[in-house]
Structures are given as structure tokens and as C-alpha cells.
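Only one chain comes next, encoded as C-alpha cells, the form predicted alone.
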Amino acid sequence: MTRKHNILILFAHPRFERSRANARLVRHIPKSGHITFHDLYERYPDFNVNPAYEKDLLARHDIIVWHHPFYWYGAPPLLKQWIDVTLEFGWAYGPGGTALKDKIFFNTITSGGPRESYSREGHHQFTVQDFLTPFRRTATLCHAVYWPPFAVHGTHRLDEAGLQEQALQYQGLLERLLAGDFDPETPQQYPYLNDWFNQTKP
């Protein structure tokens, strides 16, 4: 019998009030007592991250989502600050650092560039997975499981119907993760969680 998973969404968007794609995704996060939506820029406008509070949040959740726009091939600076301050030696990694062991991490990102531009032959010359290597290594260093990203590409070109379709996929993905109806190793076989979700629907 599967069990409900607790999901922590670490949301980092410095200009959320002007967001179109992320605003739609956030509105489609399921309302559940098992999902915590944590807006880092709202809580820490001064970048003064409270590591004790953040570690307590991490301890209470099974799946951690780094949700952010894909800024210059990475994340907004507050998310990097969160990683630097929260994932302490001896707690998250290093001797005795097993607090995050076997938890699942992945990125949810939005990008103006189309999916085909993120390839060896494409405009950006590297894949999204290449650019997210620091996140993958951060998770694996902390003995966690790292999944490929859920990505919304081509946000500037998406019409309302396309944007709604992506938001409903995100909602469906989170509902599936909540229900615990998955093998933790299977998503790693796909380049994107979008692909895993769409190709393995019941």
C-alpha cells in the first residue's frame, strides 16, 4: 500500500509579481496538507536565511522541489544562498551528514528558450540537465535522490491554452507524487519529469 508523501516546494522568484508562467504553475499546486509552498523571496527579502527553520522543514518532507525561473542557466541568487546556508557540513553531508538521505529532489523551471535550443547542436550548446549539474551534485552529495527537471520551455511563445496545459501537467505530477504511486528510480530514465509523467500515465 502506498502512503502520502510530504512535498516541500522551495519557490524562488525575485519578480513574481510580473510572472506569467510561474504564476500559473503556482495557482495549480494542489491544495493539500501534505504540500508546503515556501516562497523564499517573501520570507527572506533581506537574504537572511534561517538555517534552523529550513532544516526543520526539510526534515518533515520527503520530496523537495527547487521551483524557480531558469535565470542565466541557473537559479535566482536567493536559492543559492539557501543552499549555502542550509545544507551544513555534518548535517547534510560529510561525517554524520545524513539528514537528507533518500529524500527526492528535483527542479521545476521555466525558460523562455524552446526545448530544442537546449542541446549540443542547439543555440545554448548544452542540455538543461548539463546546466543543472550543480543541483544534481548537491543532492547526491547529500545522499539524496535527484530527478530530472519538470520544465516549461518557450514561455514567451505559449498562448493561454499552452500555458494551461503545462500548469495542469504540473498539478498532475504533484498529485501523483503525493499519492506515492511511483518507483523512485524510474523517473531518472527520462530527460524531463514531463516525459515521465506523460509517458507513464495509468
Partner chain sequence: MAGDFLYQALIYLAAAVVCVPVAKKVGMSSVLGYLLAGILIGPYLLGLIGGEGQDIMHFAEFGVVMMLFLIGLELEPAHFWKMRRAIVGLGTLQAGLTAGLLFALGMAFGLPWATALAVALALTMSSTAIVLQSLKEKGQMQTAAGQASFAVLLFQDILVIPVLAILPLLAPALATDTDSESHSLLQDLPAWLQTLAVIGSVTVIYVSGRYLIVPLLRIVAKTRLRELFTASALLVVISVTWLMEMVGLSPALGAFLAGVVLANSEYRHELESDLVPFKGLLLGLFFLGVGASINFKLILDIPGLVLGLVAGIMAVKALVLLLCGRVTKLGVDQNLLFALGMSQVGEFAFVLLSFSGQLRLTDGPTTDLLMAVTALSMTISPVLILINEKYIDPYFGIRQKIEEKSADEIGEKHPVILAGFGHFGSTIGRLLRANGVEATILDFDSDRVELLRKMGFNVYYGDATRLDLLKAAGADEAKMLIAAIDSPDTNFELIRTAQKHFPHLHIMARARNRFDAYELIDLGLKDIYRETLYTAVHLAVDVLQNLGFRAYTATRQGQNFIQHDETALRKLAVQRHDIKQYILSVREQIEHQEQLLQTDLHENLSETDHSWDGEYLREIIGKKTK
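All figures in this text were calculated on a predicted structure; none of them were measured in a lab. Residue numbers count along the first chain shown, from 1.
What comes next is about the form predicted in complex with its partner chain, which does not appear here.
A heavy atom within 4.5 Å of its partner chain in the predicted bound form is found for exactly one of Leu158, Val145, Leu57, Val49: Leu158.
Contact with its partner chain in the predicted bound form, judged as any non-hydrogen atom within 4.5 angstroms, is confined among 171 to 179, 37 to 45, 137 to 145, 60 to 68 to 37 to 45. Among residues of the shown chain, Pro191 is not one whose heavy atoms approach its partner chain to within 4.5 Å in the predicted bound form. In the predicted bound form, its partner chain lies within 4.5 angstroms of at least one heavy atom of each of the following residues of 16 to 44: Phe16, Glu17, Arg18, Arg20, Asp39, Tyr41, Glu42, in sequence order.
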